[in-house]
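Listed next as structure tokens is one chain, alone, in the form predicted on its own.
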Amino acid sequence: MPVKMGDEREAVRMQEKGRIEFWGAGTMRTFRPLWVAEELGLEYILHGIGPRTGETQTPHYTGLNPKQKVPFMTDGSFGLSESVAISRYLIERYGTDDTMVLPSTIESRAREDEWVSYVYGELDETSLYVMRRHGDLSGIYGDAPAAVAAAKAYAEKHLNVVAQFVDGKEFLLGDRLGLGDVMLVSCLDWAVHYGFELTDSLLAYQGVHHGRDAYRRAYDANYSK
């Protein structure tokens, strides 16, 4: 639940308690921790800066996050970057049995790590972000049609693997929303944005999560900036 910066009394109240602040909006990577925060019912302040608007290169932001990337989060005096790390931190610190929790056994945590790593490594970094770098951002990183085509084919291969795994399922693992779902749904949304045609099983799985109130609140917060 984002708090508008103009509400000074609310900001002061949150500061007295210790407050959560996010920097970054407008991308699927900035969306992920916002979705988790909404699922957990957390109040937060969102600074909706963009990744390539110059706002990440100011002295103030560089002092917070020398990587000059988004998303970035502070929880009181604790600062953290990277969408997976922020999301996992929020779940572990603030999750409850009624919202989101980390898996309870070594095996189940390893299985979640397996899927989070797979989705982030093969769909996000190796495929969709390559398409972004050399498509949407070709003016910065160079136009590379062959790389974009290869990345698209690679993504389609792994989307087929995921499609078989989630067929008939509401959740990637177990019977409740987990970090793997946050990662996968965000990548499916990204893929649709790039014109991928999802299978019926992926569309059904994606649709379940699009219907979540927290998903819609996070989406509105992330893309209204």
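All figures in this text were calculated on a predicted structure; none of them were measured in a lab. Start at 1 and count along the sequence shown; that's the residue number.
Omitted from view is the form predicted in complex with a small molecule, to which the following refers.
For the small molecule in the model of the complex, the listed stretch (90 to 98, 151 to 159, 104 to 112, 77 to 85) containing residues with heavy atoms inside 4.5 Å is 77 to 85. Against the small molecule in the model of the complex, the set E21, G41 and M73 makes no contact: no member has a heavy atom within 4.5 Å. Within this chain, H193 is remote from the site of the small molecule in the model of the complex, having no heavy atom within 4.5 Å. Contact annotation: Y129 falls within 4.5 Å of the small molecule in the model of the complex, judged by heavy atom distances.
Although the partner is absent here, D136 sits far enough away that none of its heavy atoms falls within 4.5 Å of the small molecule in the model of the complex.
In the model of the complex, the small molecule sits within 4.5 Å of a heavy atom of R52.
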